[in-house]
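So this first bit is one chain, no partners, the form predicted on its own, shown in structure tokens.
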């Protein structure tokens, strides 16, 4: 590589990674929400943890084109790992978070070696099977997971030895926000790198990427593992901030719900989860309060409207409106 081409490559890389002013908006809103909604910080921490889960799912679905119904498997493994450590004397949230990422990443890597050799509906079914198998294993291993009663008795220590988790969710909110920011930084770096660009190419045309010598299988396993680690971190956040882990963290329903969230916001747009997750969770909270019996109907109606009138999710609709506005005289 010549000095001129190297300089061009570095300049291109820097241009892709340059932060835009609008990218600060989600973080400004998150900080503002802490002061504006002090009575909803516990819900806010759950939203932030679910945002990280949504980012992890969008990496494999939106960028690599891996359609999965079993992403909750990694989320649940992370939750149970952090919860088990906290229930057995290792209450450091940082250690629990790291252990959860390692455990979820290992499950993602091993399952990815098998699942990603297939295509289409086979991937969909195999991811679902992995999730169901892990949930059933958790249900049977009552001495470790607590079974249907859930994993209890967790004692989570203060973050960095200084910030104790309180009943109002102050520490949980900032802790979840900090971990989410790190996860977003990793995701953003991947998406705007040459590795991320190759994932988009794989999503669009696998045959062509194979033809030009791209190690497709290796890259799919790599992103699947990274995504699993981020999902495990999200599960650990939920376990540590609520101090309870139930079987539903490994449910297929949860895998489907996170897909609905990122579809609402916009798949493969990096910030789709930042729109879809809060919208879904706040709508769920409001609808279940207003209509406890039929609140799922209103959630379904919202999804139908978005799919019918905003094919690229809410962010896709916003982009279309902006393009039309720019073209108008």
Partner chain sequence: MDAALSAAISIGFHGVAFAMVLYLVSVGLSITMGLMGFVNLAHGVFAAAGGYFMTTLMTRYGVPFAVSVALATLAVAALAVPLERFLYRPLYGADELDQVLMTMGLVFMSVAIGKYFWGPTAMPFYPPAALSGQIDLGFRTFPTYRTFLIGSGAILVTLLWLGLERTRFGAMIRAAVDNRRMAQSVGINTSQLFTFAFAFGSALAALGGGLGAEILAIDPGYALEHLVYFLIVVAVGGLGTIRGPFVAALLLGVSDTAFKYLLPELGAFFIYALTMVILLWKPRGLFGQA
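This one's a predicted model, so the numbers in the text were calculated from it and none came from an experiment. Numbering follows the first chain given and starts at 1.
Keep in mind that the form predicted in complex with its partner chain is missing from the display, and what follows is about it.
**Prompt:** Tell me which of 29-37, 45-53, 289-297, 270-278 has residues with heavy atoms within 4.5 angstroms of its partner chain in the predicted complex?
**Reply:** Stretch with heavy atoms near the partner: 289-297.
**Item:** 126, 260 and 311 each touching its partner chain in the predicted complex (heavy atom, 4.5 Å)
**Value:** Yes: each residue has a heavy atom within 4.5 Å of the partner.
**Asked** If you check 178, 256, 158, 153 against its partner chain in the predicted complex, which one has a heavy atom within 4.5 Å?
**Response** By the 4.5 Å heavy-atom cutoff, the listed residue in contact is 256.
**Prompt:** If you check in the predicted complex, is residue 61 within 4.5 Å of its partner chain, heavy atoms only?
**Reply:** Yes - in the predicted complex, heavy atoms of residue 61 and its partner chain come within 4.5 Å of each other.
**Prompt:** Is residue 122 a contact residue for its partner chain in the predicted complex, using a 4.5 Å heavy atom cut-off?
**Reply:** Because a heavy atom of residue 122 falls inside 4.5 Å of its partner chain in the predicted complex, the answer is yes.
**Message:** Is residue 282 part of the interface with its partner chain in the predicted complex - any heavy atom within 4.5 Å?
**Reply:** No, residue 282 sits far enough from its partner chain in the predicted complex that none of its heavy atoms falls within 4.5 Å.
**Message:** Since only the chain is shown here, I'm wondering whether residue 249 would be in contact with its partner chain in the predicted complex (any heavy atom pair within 4.5 Å).
**Reply:** Contact check for residue 249: no, nothing within 4.5 Å of its partner chain in the predicted complex.
**Message:** Given a 4.5 Å distance limit between heavy atoms, list every residue of 172-193 close to its partner chain in the predicted complex, or none if there are none.
**Reply:** The stretch 172-193, when checked against its partner chain in the predicted complex, contributes no residue at the 4.5 Å heavy-atom cut-off.
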